[in-house]
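Shown below, as structure tokens, is a lone chain in the form predicted on its own; questions about how it binds or moves come after it.
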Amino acid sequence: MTRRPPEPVHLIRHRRDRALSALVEGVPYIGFMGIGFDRRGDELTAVLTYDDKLIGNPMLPAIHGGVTASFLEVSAIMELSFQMLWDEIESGRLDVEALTPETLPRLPKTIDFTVDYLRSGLPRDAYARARVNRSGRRYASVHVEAWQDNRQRLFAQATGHFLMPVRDGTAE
């Protein structure tokens, strides 16, 4: 019995990157906000690239609270979605080249989302990382933290609960 050789790393990376790119491109709002994602293995860090349009109070200046909340929510949904697809991406069962906004699996839907504003978001890039506390067939709970210059000095955090999509693409 011969053992199959391992799949080349560049193909695995391409599959992961293409799946993440398709998820992000499937939500035009993410591009409008200027949010990108840095992927290291299965870990995503959301990056909100600074732009003057994000400022809510020009006297401080501070990033608008709605921008902060949207950034955290997008981070949570993308983390959940990427995690939901992970096994299919890794096994190659998901044809990432055929992914389009029309063929993407449905995204989780927000049930509730609570944001804690810990300090003003400064006029610079921001980063967020989400941690899935629980993810089942129907429901998921996610915690998200956002920082700017120092990971230990959060400017916002949030907890959200999400309705998970049925995997055949129909709503529950």
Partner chain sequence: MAAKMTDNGASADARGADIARIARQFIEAIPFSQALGMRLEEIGDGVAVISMPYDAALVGDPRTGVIHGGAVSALMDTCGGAAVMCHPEALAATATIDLRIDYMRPARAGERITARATCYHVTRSVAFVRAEAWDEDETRPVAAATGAFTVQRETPQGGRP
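Numbering follows the first chain given and starts at 1. This is a predicted model, so every value here is computed, not measured.
Same protein, other form: the form predicted in complex with the partner chain, not shown, and the subject of what follows.
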Thinking of Tyr127, Asn133 and Arg137 as the candidate spot, does the partner chain come within 4.5 Å of a heavy atom on all of them in the model of the complex?
no
Non-hydrogen atom contact Pro123 with the partner chain in the model of the complex at 4.5 angstroms
no
So, Glu73 and the partner chain: in the model of the complex, are they within 4.5 Å at any heavy atom pair?
yes
Report yes if any heavy atom of Thr49 sits within 4.5 Å of a heavy atom of the partner chain in the model of the complex; otherwise report no.
no
Interface membership of Thr45, the partner chain in the model of the complex, 4.5 Å heavy atom rule:
no
Can you name the residues of 96-110 that have a non-hydrogen atom within 4.5 angstroms of the partner chain in the model of the complex?
Pro101, Glu102, Thr103, Leu104, Pro105, Arg106, Thr110
